[in-house]
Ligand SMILES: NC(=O)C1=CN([C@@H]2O[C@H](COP(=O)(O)OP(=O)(O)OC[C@H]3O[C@@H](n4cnc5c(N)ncnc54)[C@H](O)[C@@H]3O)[C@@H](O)[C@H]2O)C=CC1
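There is one chain below, alone, in structure tokens, taken in the form predicted on its own.
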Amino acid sequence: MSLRPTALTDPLRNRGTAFTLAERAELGLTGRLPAAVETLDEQASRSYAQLQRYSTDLEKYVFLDSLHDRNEVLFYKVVAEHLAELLPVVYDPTVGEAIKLWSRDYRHSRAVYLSIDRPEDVRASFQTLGLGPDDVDLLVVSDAQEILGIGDWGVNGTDISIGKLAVYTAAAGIDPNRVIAVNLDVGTDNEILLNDPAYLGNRHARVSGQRYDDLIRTYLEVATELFPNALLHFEDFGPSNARRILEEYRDTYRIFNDDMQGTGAIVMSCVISGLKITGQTFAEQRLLVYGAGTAGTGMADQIHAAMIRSGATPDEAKARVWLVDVDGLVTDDMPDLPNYQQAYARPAAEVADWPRTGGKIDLVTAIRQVAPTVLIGTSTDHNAFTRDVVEAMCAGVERPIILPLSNPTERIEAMPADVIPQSKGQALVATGIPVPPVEYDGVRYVIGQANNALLYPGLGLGTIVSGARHVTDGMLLAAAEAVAGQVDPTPLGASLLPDVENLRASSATVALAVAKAAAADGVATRTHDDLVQAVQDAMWQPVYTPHPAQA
């Protein structure tokens, strides 16, 4: 019996009951399917009805994952038609629950696994795919050290890369035939996994140092050599590694780190909208970040770059950024400062006479001393933005931008239902989780969600369309401006960000802006007579195309 995949077992070719009778005869499928010949719309309607029978998001995730494994077109048809509803199911937060169970519930492999114990296999691992240099647009890679706030999950984190690619396709039409999910299995420090007989990854502690760096370098070299036109997306790396890899390689390879650059850019969108209300420029902002990990410092990086573009010198921009972490205000005399915090550590002499609580300069004290215009929370410190914090922000500036971005709900720094009345409606608020509008003093305040999915799919599409050699700060800023440009934030209570309901149209808008910025920054390698049409043509659609006969 032949072991070659048939049109029914290959998810990229399978269309199930939508195969016509002629196709069934041509492909050797006569008698293999029920008599009815359905349309894709009919299949999607049935699949969505089946999905609704499940009561939990994790059950829905498993159903959609199985559909993804047998019929990609149908999977993306269902997800694209119900994107706002299903985005949290196919990715964050549900994927986090699925990852915890990944080894025990292992069903199917959709990824390339690169083991730190066999670096010599990196090239061969990609070559088994049979893909040529012009066949791949995007790779998403993770070493799963910092998964969505749930920590180190080793090879279980594979679904992070797969889920990210699913969002790229559903939201921006990145062709699923031209993407690769990659897991870097460097071990894990998760004792639960190391002692779980079902765990499928390398059963040793997480490797760091030279061996780790060598694997990263080998991955970048081989992936770029084999797929020279592909964007290399890094996801959920640990804070120190994420920043170090990005800084070392962003000018050499076509790489993008969503945790740092994407999150930073979507926060930029919030601030851009806020500045339309305050009438200020980026160069006039004073930024305080509470929770100075990868995400928080990535946001600081993007706003710092915007300050410079707005007229500040690098030193002036740096002097307008403050970080507060678990040990209080980050200062340059603190021992063992992570490399990602060192750039913004304040001179100890500058704050020597500031009041201290328990030996550290706490959040409220820092706000009272700095009078920040923008407060960002990425701390996972639930309810850290107290009434005192909000009132201190409002005492410093008339319309403070307050962004409690930690998720899920039990980790958010403050709920808008508290911030809005505490600020007497003056705070400009967006969150990292979806929240309902807030009614206050006769006004309905719509709260935008700083969801990276508003930005990174379009950024990726624009990078692909333009053939950009690198992802520049100008491209990130263009993406942020394109997101912010889709809403009018000036009416009282208006959202700072667009909704995800029209994500495909939004992603096309972002892609167009990014491609233009790539050309302006001199990194584009492709030109188009009609860039708008080029973006549309590049967006894969979940439709059944004419089916070639089985070879």
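The numbering used is simple: start at 1 and walk along the sequence shown. Fair warning: this is a prediction, and the values are worked out from it, not measured in the lab. Take the two forms, superpose them, and find the largest set of C-alpha atoms that agree within 1.5 Å; that set is the rigid core.
One more form of this protein exists, namely the form predicted together with the named molecule; it is left out here, but the text below deals with it.
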Quick check for you: of 477-485, 99-107, 320-328, 76-84, which stretch puts a non-hydrogen atom within 4.5 Å of the named molecule in the predicted bound form? 320-328
From the list Thr94, Thr472, Ser379, Thr188, which entry has a heavy atom within 4.5 Å of the named molecule in the predicted bound form? Ser379
Answer option from Ala295, Ala170, Ala144, Leu461, heavy atom within 4.5 Å of the named molecule in the predicted bound form: Ala295
Partner contact for Leu405 in the predicted bound form: the named molecule, 4.5 angstroms, heavy atom: yes
Check Glu72 for me: does it contact the named molecule in the predicted bound form (non-hydrogen atoms, 4.5 angstroms)? no
Interface membership of Asn451, the named molecule in the predicted bound form, 4.5 Å heavy atom rule: yes
Any of the heavy atoms of Pro239 lying within 4.5 Å of the named molecule in the predicted bound form? yes
Residues within 4.5 Å of the named molecule in the predicted bound form, restricted to 262-291 and counted by heavy atom: Thr263, Tyr290, Gly291
Has the Cα of Ser269 moved 2 Å or more between the shown form and the other one, judged after a core fit? no
Does Ile433 move its CA by 2 angstroms or more between the shown form and the other one when the core is aligned? yes
Core superposition between the shown form and the other one, C-alpha change of Asp362 at least 2 Å: yes
